[in-house]
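One chain follows as structure tokens, the form predicted on its own.
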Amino acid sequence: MNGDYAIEAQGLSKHFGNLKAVDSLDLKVPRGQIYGFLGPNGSGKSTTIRMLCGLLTPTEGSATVLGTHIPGRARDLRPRIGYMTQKFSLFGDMTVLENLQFISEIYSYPRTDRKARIEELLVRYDLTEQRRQMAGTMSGGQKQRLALACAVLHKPNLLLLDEPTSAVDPQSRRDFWANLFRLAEGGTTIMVSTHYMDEAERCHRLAILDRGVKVADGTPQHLQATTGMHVIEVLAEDPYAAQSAIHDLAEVASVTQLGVRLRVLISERFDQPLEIVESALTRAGVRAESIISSATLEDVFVAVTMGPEERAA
């Protein structure tokens, strides 16, 4: 186990019958960083997180989490990790204060320090006015803050978050990420799964999963610089006509419309990508402006999750 990594996994796999939910995953998560798992529903993000925290036993492979081997010693690991799901595992018929008190009992938090710790969390996560409110009556953002407070009450070294912002508004998402950065700055390692591109960009490093397979891994900046694709942005008076003119070109791997703009991916095997696009538009009589653009994480995601035949277009 390398002390620089909170998580190291080798060949981690989970099969449900004939379905390979996670397939031979190798993973290294640096300590004290926010590591993102990006992928659509069904890509294996949740299954991986559940294996890493000991809730699921791998079919194949193994992992070392905070120096603890799993699945063999998963029980020893649990007091050192926090786990938060997208459904916010709260007791709706208990107050905010009662939820925190109950979690402190579960983790056997020292009795002499419990009151001070709970008060600290109520202030930190802006829940002081809701302390007597039933958790089931709270807004999505309030429930999210309470769930995070419960997950970190015992001061875990590792925080595993499974799509924790999927049910909240944009402001709550921004506030939530501000809290995550504060935790990381304090030394907590965080693994967070998401399908939001803007959230993935906030991570120090991230892996992209596609149908159980890791198809990319690195910093957002590195992934954007190594897509293997030219990115052409097209601004057209008639985006639909422009897309029709470009879509079936042999050199074009992908065309995505964003409002009045198109994002066109062409393999770096082809020279002069701008001329390829502009020639097609001219032949179709479409008035448009085209420029070479830098790759976004969405471009990266499209590039690494397309089939081999599309990448080789």
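Only a predicted model underlies this, so the values are computations on that prediction, with no experimental measurement involved. Note that residue numbering follows the sequence shown and begins at 1.
The protein also exists as the form predicted together with a small molecule; that form is not presented, and the subsequent description refers to it.
Undergrad: Using a 4.5 Å heavy atom cut-off, state whether residue 285 contacts the small molecule in the predicted complex.
TA: Flag for residue 285 set to no.
Undergrad: Using 4.5 Å between non-hydrogen atoms, is residue 166 touching the small molecule in the predicted complex?
TA: It does not: once the small molecule is placed as it appears in the predicted complex, residue 166 has no heavy atom within 4.5 Å of it.
Undergrad: Please run the contact check for residue 86 against the small molecule in the predicted complex: heavy atoms, 4.5 angstroms, yes or no?
TA: Judged by the heavy-atom cut-off of 4.5 Å, residue 86 is in contact with the small molecule in the predicted complex.
Undergrad: Would residue 291 count as touching the small molecule in the predicted complex under a 4.5 Å heavy atom rule?
TA: Residue-level check for residue 291: no, no contact with the small molecule.
Undergrad: Name the residue from 173, 195, 80, 205 that puts a heavy atom within 4.5 Å of the small molecule in the predicted complex.
TA: Answer to the contact question: 195.
Undergrad: Here the chain is shown alone; which of 256, 41, 244, 57 has a heavy atom within 4.5 Å of the small molecule in the predicted complex?
TA: Only one listed residue qualifies here, and that residue is 41.
Undergrad: To test your reading of this chain, name the stretch in 45-53, 64-72, 23-31, 276-284 whose heavy atoms come within 4.5 Å of the small molecule in the predicted complex.
TA: Checking each option against the 4.5 Å cut-off leaves 45-53.
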